[in-house]
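First, one chain by itself in structure tokens, the form predicted alone.
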């Protein structure tokens, strides 16, 4: 794995060159376009990025839950413990979901059925995958509710989702995801709708369960604070591709991609007062019309900084939301590959070393 010193046998989930596209009347949306990463056993891999970058599509591609058509996995491979998930039949895939891979969805109220009790929904999952009796499934469901920290689990078994708080509903979702002892847990923004205190409790719970069950976790999030608390390895995603891949410790101590640096500069800092938070200029590009070359170059302060040091013949003027700016011609015409810039730290940027040396606030727009 590029972002961590792991041996081949350490990887629970291996994704290589995954491309998931949506074929629409307006054109082809390349939602995931050449993504590769691994989730180690017993560790958390965080996939980070803005809304619309392709994080959730990646997760749903793993479980093959996307509507096909319009979606299609056009190339790549997904291996779980060496087993090719893309080669499985629909019936085999149903056994993988829940049985070997559990998933926690972003909003439990839309994932739990409101007309069935929480316990019966967990018991149904147990009976489906473990083929046990209703009595045994009930017992296991109550044990799972207790394991995820729900008080009076026997009573909660008979309650409906609307009778529980948001944090309790999320715990029910976690219990359901763990109902058949999966090896991999996919958590798609598991704390987004929760208050800060409940978020911390849910994240602590996932950490405890990971340690006890040796779970591999794929965490989908846009929240760098959540990443700092939980992740071992991080992939930063922008406009359908991973642009930076490394350990969480390396990312937080020395981010190399200009996009990642921009995310960090937009965070409030303890002890810093009276200073406006910085923002990333522009917006995420339309997936129907991605820029040529590096997809980040229209928003990239590093590209503008580097262009000022180059011969004008080696630069081009591009139109952005805030006006024309000058950038290196290579940035505008050639897409950088994800390559190792430092040991265990990969980045997709033609000027990562310049970004590392500068790590400066975004330059003012230059009118050309």
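Nothing here was measured: the structure is a model prediction, and the numbers come from that model. Residue numbers count along the first chain shown, from 1.
Only in words, not in the display: the form predicted together with a small molecule, which the text now covers.
In the model of the complex, the small molecule sits within 4.5 Å of a heavy atom belonging to residue 57.
Taking the partner from elsewhere, residue 311 is found to have every heavy atom lying beyond 4.5 Å of the small molecule in the model of the complex. When contacts are judged by a 4.5 Å heavy atom cut-off, residue 287 counts as touching the small molecule in the model of the complex. With a 4.5 Å cutoff on heavy atoms, residue 35 does not count as touching the small molecule in the model of the complex; it lies far away. A single residue from the set 39, 53, 46, 327 has any heavy atom within 4.5 angstroms of the small molecule in the model of the complex; that residue is 53. Note on contacts: among 332, 29, 338, 306, the single residue with a heavy atom within 4.5 Å of the small molecule in the model of the complex is 29.
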